[in-house]
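Given as structure tokens, the chain that follows is alone and in the form predicted on its own.
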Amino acid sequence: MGAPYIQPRQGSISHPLRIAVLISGGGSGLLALLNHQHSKPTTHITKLIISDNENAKGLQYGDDFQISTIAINLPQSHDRVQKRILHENIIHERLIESNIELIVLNGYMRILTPEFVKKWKGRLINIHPSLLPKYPGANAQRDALEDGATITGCTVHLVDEGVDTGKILAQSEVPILQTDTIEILQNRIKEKEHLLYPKVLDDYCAHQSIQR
């Protein structure tokens, strides 16, 4: 069960929801979202980009789009649990300072603690490269190929206290071809992700039924 989902306020064109995007790598999904937000008026606007990796290439989009950007490395601690908690406390403080209303995980590779999730549950959204509940975790494409699946895809879901177990908002299917490698399949799924995620955010932020 866990804590209940608490949806953010209803965004509008005149008063869009303030979003923070969390990334770990190249930020292709972040770029797709920013391009979407700048192509037309939307019910959400990215106000902060956070990465757990100071070398993440996606951080460059902060400069390109004039968005506040920060890299928050894991603090020094011999206690792994304490290290995670300290890291998330810093992130939480930055989110509050920037008046963030919705967290968008977009290629963020860290698993958030239940304590952090409880603070943002319903205001914390993720995209995963499989048709959940199939193939949760960090190796979804590899697992789908090893399983001999013929169809996979991507899932936009709310984050709960588990790993890729939150409420599913929308999914998009991707065929698996016999010639696929992990990298080829990853790239084909990303193409779907870049289309699906911004549309789901449009609907979720506007409190509209999700258009799958």
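These figures come from a predicted structure and were not determined experimentally. Note that residue numbering begins at 1 and tracks the sequence as displayed.
We do not show the form predicted together with glycinamide ribonucleotide (GAR), though everything after this point is about it.
Heavy atoms of Ser28 reach within 4.5 Å of glycinamide ribonucleotide (GAR) in the model of the complex, making it an interface residue. Using a 4.5 Å cutoff between non-hydrogen atoms, Lys190 counts as a contact of glycinamide ribonucleotide (GAR) in the model of the complex. When glycinamide ribonucleotide (GAR) is considered in the model of the complex, Met109 lines it closely, a heavy atom lying within 4.5 Å.
Interface residue remark: Val104 is not counted as part of the site for glycinamide ribonucleotide (GAR) in the model of the complex, having no heavy atom within 4.5 Å.
From the list 126-134, 71-79, 112-120, 89-97, the contact stretch for glycinamide ribonucleotide (GAR) in the model of the complex under a 4.5 Å heavy atom rule is 126-134.
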